[in-house]
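Starting off, we have a lone chain in the form predicted alone, written out as structure tokens.
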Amino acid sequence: MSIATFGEIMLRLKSPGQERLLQTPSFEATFGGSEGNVAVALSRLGLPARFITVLPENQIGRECLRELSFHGVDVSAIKFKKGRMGIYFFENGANQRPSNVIYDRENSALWKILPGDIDWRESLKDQTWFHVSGITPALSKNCADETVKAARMATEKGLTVSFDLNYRAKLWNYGVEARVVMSEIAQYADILIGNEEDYQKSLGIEGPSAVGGKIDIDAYQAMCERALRRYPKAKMAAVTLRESFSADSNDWSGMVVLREERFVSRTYHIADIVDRVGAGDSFSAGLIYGLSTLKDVGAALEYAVALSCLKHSIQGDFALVEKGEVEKLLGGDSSGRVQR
């Protein structure tokens, strides 16, 4: 089993703690981005993971490559070209003040990707799984074209294709409606992943609202079933379930809907969120890991939810989590007691 992911990894500049941006003149600098986050999480869980991207031909790009390599990610398919690294600025919310992301990604090395920059046949060689998100095709027309090409190639080569429907309203700025591009990619997906907004905004699938009330499991199931009817290649639709009481306090769970069956996970109450960015990516990674190693859909879902629950306790985009920690939480140990 070997998983390839494709997307942009960025320089993440975060204000300290829960300060407003530039409240004090400093930033915490790390790297992050949806598909890179998935590759790091899978590699740390012990699965071979290859990240495919284009990095800028400068010191920041090389440091990013070293960081990915440090976590065991296969960087052999990463290309370098002139350009800049995309940046996102992050302000961590607190209580009733939500977190905020500001993107600075235009004209990045990946944003300017050209046909032929990535040899897809070679990059997907010896891989069994391909994962991409809706963030990459939102960046530019060229990125959208390459994402479609990659998904089509992966399908032709017999890889399992998972598609995180991540909808980012701040990124769709090049004159094409998200649903047009995303629907084209979704036709190649074996597994669809997202929250209720992703399904609705990315694919135009009617669904419930998670704002101002309890989760209606049947309504979420109906939304997933509509998606499966529209995309006949898809074997399952997964959805993350978040009840947000404040920026610091959420209930977190998930559901997977097959064509004849549904699975709903246990719910974790997360009372003091450290950093929720990347939680959806760790859910994707956990689901891929579970489906690849556990062979039971219900167990795979529980693994995905447990891994992503733990991610909420970790600063940065990456889920710096070990298998044993996930297994302990799955076993019922959520006390947070000091381990001596």
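Keep in mind that what you see is a predicted model, and the values were worked out from it rather than measured. Position 1 is the first residue in the sequence shown; the rest follow in order.
Although not depicted, the form predicted in complex with another copy of the chain is the subject of the following passage.
With the partner removed from view, the residue among Val101, Val180, Ala219, Leu114 that has a non-hydrogen atom within 4.5 Å of another copy of the chain in the predicted complex turns out to be Val101. Not displayed here, another copy of the chain is approached by Phe89 to within 4.5 Å at the level of heavy atoms in the predicted complex.
Taking the partner from elsewhere, Asp272 is found to have a heavy atom lying within 4.5 Å of another copy of the chain in the predicted complex. The closest non-hydrogen atom of Glu196 lies within 4.5 Å of another copy of the chain in the predicted complex. Put simply, Tyr289 is far from another copy of the chain in the predicted complex: not one heavy atom of it is within 4.5 Å. Residues with any non-hydrogen atom within 4.5 angstroms of another copy of the chain in the predicted complex fall in just one of 224 to 232, 244 to 252, 126 to 134, 155 to 163: 244 to 252. The candidate site formed by Thr24, Ala94 and Val277 is fully in contact with another copy of the chain in the predicted complex, as each residue has a non-hydrogen atom within 4.5 angstroms of it. For the partner-free chain shown, Asn58, Gln59, Ile60, Arg62, Glu63, Arg66, Glu67, Ser69, Phe70 of 55 to 73 come within 4.5 angstroms of another copy of the chain in the predicted complex, judged by any non-hydrogen atom.
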